[in-house]
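The chain that follows stands alone, in the form predicted on its own, written as structure tokens.
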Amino acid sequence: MRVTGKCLLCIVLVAGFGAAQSVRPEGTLRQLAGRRGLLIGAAVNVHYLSEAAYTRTLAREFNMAEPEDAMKWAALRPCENCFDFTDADTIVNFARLHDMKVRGHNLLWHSYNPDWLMQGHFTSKQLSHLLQDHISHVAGHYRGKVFAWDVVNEAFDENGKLRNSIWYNQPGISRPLESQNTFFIEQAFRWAHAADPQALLFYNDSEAEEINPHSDAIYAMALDFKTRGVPLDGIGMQMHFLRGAPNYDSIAKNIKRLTSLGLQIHITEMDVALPVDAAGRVLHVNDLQWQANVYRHIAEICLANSGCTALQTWGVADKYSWVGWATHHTKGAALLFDKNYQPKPAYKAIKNALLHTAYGH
């Protein structure tokens, strides 16, 4: 395969690296989490690494990074026979320079795929070859650099049914007649393990944190995979809270049943949305404390279960959160740092959880 490249943000990144590396005050999130054996992470957008405040906050407060989009099919594979690792490599290199672990996201998803793939009218056999080649090439490229992969993302819907997708049934990858419907997921995990046997392999999904038909389907798949020796190491729980408080007891029970299978849990994409005005300002100041309580409860649940090994927010600061455009700018302010990179009550809440939760790590 041909690997293409494009100009890196070399000058600004070098400046940002130095600035970020020099600011590591005592008691940051990454320092407190490190003492508890917990990974604390943030999703990273390569376009913001040119901003000094962004890189300082990222390197100072987090010990894990995950590309928001740079490792998805549409970003990595602009044509069938070419790969462009430029943006993803930039994030990986930043993380390695700052002693941060890297989560890969993701190797298979029904969304964010290139037009050549979605409109290519490939046969099931051709799709199988494409998927195996993609997973082998990407996971192989990052072998030894990415410690954990979201191998498959959001394959189930909210009712616990497999989503219609190019990989599952439109037309889906080729599979033996006697195989189960989750065969395409299983194959993705087997191919990822073959490409990098040392990487931890996760299934990642949204709105399946609580016990419900969605999480029941994931649990059933996980139990089947563990029983049959499919190389599944963990479940990623996204935890985008856009519509009020979660059921904490249900989340704790769901984490417990999954970790009882010998699986790790990573909280992979957490944010807690608040009502905001047209300028993105929080409408009710008391909401910031409510938000802090949500973050604290989730951190406490994770810390209380030794199988929950990572907590990651979907972004670094409110300035670049996806929540605004996803809610037509009716909600926002969903992360630990505000638009000026100042810590919010939620930041202090997670610190308090790291300091005072009964020792689980």
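The structure presented is a predicted model; accordingly, all values stated were derived computationally and were not measured. For every residue, the number given is its place in the sequence shown, counted from 1.
In what follows, reference is made to the form predicted together with a small molecule, a form of this protein that is not presented.
Asks: Does residue 216 reach the small molecule in the model of the complex, with heavy atoms at most 4.5 Å apart?
Replies: The answer is no: residue 216 has no heavy atom within 4.5 Å of the small molecule.
Asks: Hey, in the model of the complex, does residue 269 get a heavy atom within 4.5 angstroms of the small molecule?
Replies: Yes - in the model of the complex, heavy atoms of residue 269 and the small molecule come within 4.5 Å of each other.
Asks: Although the small molecule is absent from this view, report whether residue 314 comes within 4.5 Å of it in the model of the complex, heavy atoms only.
Replies: Yes, residue 314 is a contact residue.
Asks: Taking the shortest heavy atom distance, is residue 134 within 4.5 Å of the small molecule in the model of the complex?
Replies: Flag for residue 134 set to no.
Asks: Exactly one residue in 84, 154, 89, 233 has a non-hydrogen atom within 4.5 Å of the small molecule in the model of the complex; which is it?
Replies: Selected option: 154.
Asks: 166-174, 69-77, 285-293, 186-194: which one contacts the small molecule in the model of the complex at 4.5 Å, heavy atom to heavy atom?
Replies: That would be 69-77.
Asks: Please tell me whether the candidate spot formed by 105, 238 and 322 is one where all three residues come within 4.5 Å of the small molecule in the model of the complex (heavy atoms).
Replies: Per the other structure, all of 105, 238 and 322 touch the small molecule.
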